[in-house]
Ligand SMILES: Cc1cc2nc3c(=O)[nH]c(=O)nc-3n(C[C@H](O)[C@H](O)[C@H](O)COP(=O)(O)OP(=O)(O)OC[C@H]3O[C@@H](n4cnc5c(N)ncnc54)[C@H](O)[C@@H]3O)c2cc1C
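Have a look below at one chain only, the form predicted alone, in structure tokens format.
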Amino acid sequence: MDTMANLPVAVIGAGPVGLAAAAHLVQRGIRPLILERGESVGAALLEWGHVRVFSPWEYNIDTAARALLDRSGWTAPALRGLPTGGEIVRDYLAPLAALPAIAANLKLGAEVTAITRQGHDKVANEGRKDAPFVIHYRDAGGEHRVLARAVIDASGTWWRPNPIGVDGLPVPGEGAASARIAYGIPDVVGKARKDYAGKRVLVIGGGHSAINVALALMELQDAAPGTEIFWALRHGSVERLLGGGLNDQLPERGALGLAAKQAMADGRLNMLAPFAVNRIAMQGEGLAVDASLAGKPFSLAVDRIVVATGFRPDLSFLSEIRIALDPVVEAPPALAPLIDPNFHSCGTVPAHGIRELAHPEPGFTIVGSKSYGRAPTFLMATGYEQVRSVVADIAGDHAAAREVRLVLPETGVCSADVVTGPESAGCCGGPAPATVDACCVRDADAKASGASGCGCGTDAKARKAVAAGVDA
């Protein structure tokens, strides 16, 4: 049997964070084994390849990956440019994956189905930490098993979108209507144009993915005037969206907000909030949506539904691994308080590494967007710092593993640079609507629920936030 030191470190997922982990392993002389379920690196990014991200190239390229690429003669893109998902794959991930040290250890079309410790189930203690990991995966050639000294799970969340129900479950009829429901950010002006042009479309979601979809449908509406757009917010109100979610310091993301505000003013978007779907039924070539709007019964006939309500981690293949997850966010317990959306409307998340990501299973970590569990936003650069720290720990460089080497850009609706005027001081989540007697969105929400307020206006220094690359 191979000794642990001779075994590779398994990396699950060949997206930006997974390949960054592989690059850091190569840099430290450790052989990676990268297992990607898709037929291409960056398979999830290609699903939204038409969408331009909000952060420039300089925050989307990992330092170890850059070092490997530079030695190969790679020409880097303009660092201040804003790439699409497809361009990140074409101009960065594909060249990185083609490097011999990566390509020789990359398996595409390899879906991990289970992970365990050799000779140990989840309950067995004796000798556990000295036993190698066994990764079960399947590909076109059948079922396989491979040994690894450590496992870095960077499989992301893209393949598990949240369903329509406000209770976290699919609504009755959602499965039967799946052919007319899209999740995430479909290419409504490109590949999927025929499905949306001239149709009545319901977009569900309150984040930037939903804004992207709504604005793309407006572009389609210019060419196909019969296109009708209904934008439904499951929680909160249009005023909350206008007060916080559409205000942003990142130029590209802020532009989305301004365009959406104008569309609402022009009546091109039919806003529905708060909106909850109860049931979906097939109705001829369309869908009958039984819902409630502001607590009252509401029905709507549409042709297509786009669900942009976020994603959740797939934990199904980790049942024999000892992992610890926060019961709310489904992130590691030390990380969860930093990202819980119930308390962090600003999205302020400090750089973090192995200390916050460690699980009870020695040698196993979850990184990237999956490490955030059900929290809605994630910055690519944060994932790069995660894997730098995790790989340093695997290599035994514990001092480097516990350093913080990432300086994040000051962006987002809570940055002090965005605050203008004394009434905005300490504003978290953006200024409250003018019609509401509150200092900010969080304060307005607290007062609406019967509390005295959140006190966010008492802090003379506005909170700082970190922007996510793409909130999907």
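None of the values given here were measured: they were computed from a predicted structure. One rule holds for the numbers: they count along the sequence shown, beginning at 1.
Same protein, other form: the form predicted in complex with the ligand, not shown, and the subject of what follows.
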Closest heavy atom of L217 to the ligand in the predicted complex, within 4.5 Å or not? no
Examine V53 and determine whether its closest non-hydrogen atom to the ligand in the predicted complex is within 4.5 angstroms. yes
With the partner left out of view, is D303 within 4.5 angstroms of the ligand in the predicted complex by any non-hydrogen atom? no
Classify G353 as contacting or not contacting the ligand in the predicted complex by the rule of any non-hydrogen atom within 4.5 angstroms, answering yes or no. no
Interface residue in the predicted complex among F364, F230, F275, W158, criterion: non-hydrogen atom within 4.5 angstroms of the ligand: W158
Contact segment among 194-202, 121-129, 318-326, 378-386, judged by heavy atoms lying within 4.5 Å of the ligand in the predicted complex: 378-386
Going through 93-127, which residues have a heavy atom within 4.5 Å of the ligand in the predicted complex? Please give them in sequence order. A110, E111, V112
